[in-house]
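Below, in structure tokens: the form predicted alone, a single chain.
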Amino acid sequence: MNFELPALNRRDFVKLISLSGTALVIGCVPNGQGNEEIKKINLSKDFDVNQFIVINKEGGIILFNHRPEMGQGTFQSIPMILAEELEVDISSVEIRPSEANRDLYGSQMVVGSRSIQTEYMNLRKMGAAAREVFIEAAANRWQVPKENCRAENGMVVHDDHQASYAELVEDASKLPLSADPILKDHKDFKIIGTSVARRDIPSKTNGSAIFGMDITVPDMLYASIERSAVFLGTVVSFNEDELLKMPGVQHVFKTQRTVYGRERHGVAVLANTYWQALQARKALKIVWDDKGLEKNTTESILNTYKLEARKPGVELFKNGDSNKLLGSKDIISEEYITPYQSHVPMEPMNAIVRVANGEAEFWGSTQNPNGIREHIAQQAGIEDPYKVKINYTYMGGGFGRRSMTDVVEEATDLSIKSGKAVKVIWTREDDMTQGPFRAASFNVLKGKLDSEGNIEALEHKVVAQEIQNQTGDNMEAGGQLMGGINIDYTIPHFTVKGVLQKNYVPISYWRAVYHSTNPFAHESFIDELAHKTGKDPAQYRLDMLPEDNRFTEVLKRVMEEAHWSEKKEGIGKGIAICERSGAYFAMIVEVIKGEKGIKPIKITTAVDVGTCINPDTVKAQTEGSIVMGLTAAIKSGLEIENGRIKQQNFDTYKLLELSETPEIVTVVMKNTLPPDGAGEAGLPTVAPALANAIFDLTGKRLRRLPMDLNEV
């Protein structure tokens, strides 16, 4: 995958050096920001600053992770890259989260598995530049050529001399940093590519880690909000006077949040404790104007999609002329259906905001700290965004949901109205039913085979809502709708079409986004065509892939690991491939017939993420993706009844249980390509590989999610 490596601006790099006799602070502006108005660095005696590397005379080394941690592992992986080039022992350094500061760090938003992918080279350059300046300082002190000196384990070594970085801090701080330092060869890596234990795990397992839900601030009110169940309903009236007489209740306000251009209304109860706010909310008597939306159901929306699928659609990708060939006879056509899905992170949505005296402060868990700062500043009329202080914590899951600012908008509105710091807490029911959700989709695939059974023409039509085009008159489908559709297959005539849908149900980014829906249809259909020709589904795919393709490598590797060619009585095997965020992966699912239907027993995945920073983290991310993908494939799915979400909590929106989780084997491929995103690898292939395995075992083809394995 081609992408532009972020540039390192020499002027910005040098401006971020603190010329202190006590500590050397090193940093740069990632992502080629090139901002010449860098905020002044204030070095405290504790060296808790907005930089990436701090080294002091007492031997302390602090490495900063500037990307919020939600379980994806950047807290450890980013410092690993710095430590590799800096030549220090990662186990001996202190790791701290940085503050939110776009001027110093560029984008700090964690979405799309981009953190390592976009900043790898800058982080390496920062570590290497620091290493070089210590080598130069030592060479100057010893009056020897710097080429004869080397760095290792926080030391500079020469044949006759050695000195620690701590001893060299004062000299090094007076030297200019190179904007183009010499980077290590991959073969010399000691940290990158090793499974270093994550520092954030112990605190998350012993209960000492702080999440947004854990935060309280002085003189704070709690808010619980009743929102329109049909999303776009508006408030006609409510019983404010009755609620103000209840214990602890301080205010009852109308409030709103904006979701992709549409206001979602609610009534908020503010009280001294969360319990008081929640109990008063239950006593609310709201008259809603539901705008007639209560007539909608899952099936009515699906029927609309089916009718819309008759439209030609917008060509999002075209190779050859599939339209002409697919207008002839002997066409194979199938339909695939995926439902809305809720994000349901274990930590429900929450936010604390205080607006006062032309300033504001936020506390909470977020994937988008700088976006929150800018949103609060705009909403509160604060001209200088840096008068909004951002305090972000660990996240109890995000999956895209915490990239949004809507909950913060509610907290900011209520703080302005009450004059207090306000903590908004969503209940599990709020979190599950208010969205925004993963988009539902209706996929229609058509194929034509030549006389030898090869795919001569294929059309994949996606009918779905588009995240970035949910309002307005523009009804032209965008490229976002084709996410996850494999266009590496060398099919002579191949077209991807999109038919944009707009409705009142809010959607947003859900782990792997459209890669979580489209591959179910695409890889299932490829499998169906393979079976119609009597060909092996894995070899059928290999025959359509170039020999030097990264798909080819992961496909061959997973076939080897899972012993694809070995057929065992009573076991079905299914295969699927996909690319997401530059990572290539292939999966084989194995199933058996149990007492209560079909049971997945093993999932094997080969993952190519380019240069892998921490294999254990990639394996953990893949396993998490697989569990989430399997949950969506066989357990959960949102239904709409009377215009609102039917599933309210985990009693009806089921998650995969430990006893239902099959054995998972992940093979991380090794190469020296630039690193790609690993946070969603594994999820897109689960549903199609499972459906293909079920067909292999039973001969029954399932084309609608979630699949009921008890009914197969």
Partner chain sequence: MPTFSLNINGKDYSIDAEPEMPLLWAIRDYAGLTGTKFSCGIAQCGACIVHIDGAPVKSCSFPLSAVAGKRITTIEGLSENNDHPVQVAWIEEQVPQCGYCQSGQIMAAVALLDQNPNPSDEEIDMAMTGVLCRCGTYPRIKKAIRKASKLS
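Residue numbers count along the first chain shown, from 1. The model shown is predicted, which means the values in this text are computed figures rather than measured ones.
There is another form of this protein, the form predicted in complex with the partner chain, and it is not shown here; the text below is about that form.
**Q** Just one of 259-267, 313-321, 337-345, 477-485 has residues with a heavy atom within 4.5 Å of the partner chain in the model of the complex, so point it out.
**A** Heavy atoms within 4.5 Å of the partner chain in the model of the complex occur in 337-345.
**Q** Consider the chain as shown here, without its partner, and state which of 412, 604, 621, 434 has a heavy atom within 4.5 Å of the partner chain in the model of the complex.
**A** Exactly one listed residue reaches within 4.5 Å, namely 621.
**Q** From the list 668, 645, 656, 54, which entry has a heavy atom within 4.5 Å of the partner chain in the model of the complex?
**A** The residue in contact is 656.
**Q** Could you tell me if residue 396 has a non-hydrogen atom within 4.5 Å of the partner chain in the model of the complex?
**A** Result yes; residue 396 sits at the interface with the partner chain in the model of the complex.
**Q** Even though the partner chain is not shown here, does residue 370 get within 4.5 Å of it in the model of the complex, heavy atoms only?
**A** Residue 370 lies outside the contact set for the partner chain.
**Q** Taking any heavy atom pair closer than or equal to 4.5 Å as contact, tell me whether residue 672 reaches the partner chain in the model of the complex.
**A** So residue 672 does not count as contacting the partner chain.
**Q** Though only this chain appears here, would residue 274 touch the partner chain in the model of the complex if you measure heavy atom gaps against 4.5 Å?
**A** So residue 274 counts as contacting the partner chain.
**Q** Just to make sure I understand: among 198-228, which residues lie within 4.5 Å of the partner chain in the model of the complex, judging by heavy atoms?
**A** The stretch 198-228, when checked against the partner chain in the model of the complex, contributes 198, 200, 201, 202, 204, 205, 206, 207, 209, 210, 211, 213, 214, 222 at the 4.5 Å heavy-atom cut-off.
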